[in-house]
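In the form predicted on its own, a lone chain appears below as structure tokens.
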């Protein structure tokens, strides 16, 4: 499924939209430059992701966990949220039998290294139990199992740490959120019976954590009715093991992709995260550095942080390994070879494996219209090859001016175009040379 850009922009303006989840995308699957410092555990931790649902409420033929967001299935984002955590050993994804090959393809294509796919059961609890069985007691003495929904991609390491350590100490732990609406009970005739005092109740969310002993005993002892109709793992731990779960307040980002509109909201959040930073390569020229400085201030006001470097050699090569996009500033005669060199370096760094990477070529020149046409053709040719590597190349033509007011307007226009291109990643503008 490709999410409609109009729906995405509408969701971006929604005041009820979940808070930003923080950095969750990484350069390579299973690796992150942004892990919270100092978090580690001294016991084995594994994850079970039930992903066997059909996604009926989305109204789509494709199960929502396999719907594509920016060219990558939703389940891959969720898996990566766990793979980037160094102290999590393995992730078992439980999928419907007919989707086993599809999940195997996702694992291979996006190079997930901690993942094993196993067939699910006919209900949620049967699938989770299959995942727990797949882990087996071999996970180690005192191991903790985290259960999470495959369609909740925005979970951070800090919360996972709190859940894992609380589960280790208490036997079970789960995330909760305040109730948004008042819960009422109705009569069989459809009238109000009574309402609950909202302040006394909480919504049970994911992730939930258990010691392996607790979760396995709970499933061994639970009834067929529990397997068939139950949904709450914490309840099973309490009812069949006497384990009272520690409840931990979770962030607003624990929301679940349930309806079709949620897919658009998720893509909007991902795009927002991907637009937070960019590296400006000035080529070492004074004019390029001046433009980069002005852009840093203007784009920063729009929510994107810019790092300015003269090139990508030596110490500056670190930019290739960091999350973010690239703005290449060229001054004077057109040099498409500079763009080709950058694209080659990005391909070698495998930066575009997990999400589309934006490269913007800003060319400063007073040249005539004919050479502008030539640059437009060059951008189009380069972009065609780059797009096959999941790199989106755009061009911006900037005419320098000694008039301060006109120069300021031009810089503001470049900043505006840059922010839009990085944020929206518009396929329609790929390969075009835009005028500033």
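This one's a predicted model, so the numbers in the text were calculated from it and none came from an experiment. Numbering follows the first chain given and starts at 1.
One more form of this protein should be noted, the form predicted together with a small molecule, which is absent from this view; the next part is about it.
**Request:** Within 4.5 Å of the small molecule in the predicted complex, counting heavy atoms only, one of 183-191, 279-287, 316-324, 149-157 shows up; tell me which.
**Result:** That would be 149-157.
**Request:** Can you work out whether the small molecule is within 4.5 angstroms of a heavy atom in all three of 72, 109 and 347 in the predicted complex?
**Result:** No, none of the three is in contact.
**Request:** May I ask you to choose, among 204, 365, 216, 165, the residue with a heavy atom within 4.5 Å of the small molecule in the predicted complex?
**Result:** If I apply the 4.5 Å criterion carefully, the residue I get is 204.
**The unique member of 211, 330, 275, 208 whose heavy atoms fall within 4.5 Å of the small molecule in the predicted complex** = It is 208 that has a heavy atom within 4.5 Å of the partner.
**Asked** Heavy atoms within 4.5 Å of the small molecule in the predicted complex: does residue 170 have any?
**Response** Result no; residue 170 lies far from the small molecule in the predicted complex.
**Request:** Find out whether any non-hydrogen atom of residue 256 is located within 4.5 angstroms of the small molecule in the predicted complex, and reply yes or no.
**Result:** Answer yes; at least one heavy atom of residue 256 falls within 4.5 Å of the small molecule in the predicted complex.
**Asked** Heavy atom to heavy atom, is residue 305 within 4.5 Å of the small molecule in the predicted complex?
**Response** Contact with the small molecule, no.
**Message:** Using a 4.5 angstroms cut-off on non-hydrogen atoms, would residue 97 count as touching the small molecule in the predicted complex?
**Reply:** Answer no; every heavy atom of residue 97 is more than 4.5 Å from the small molecule in the predicted complex.
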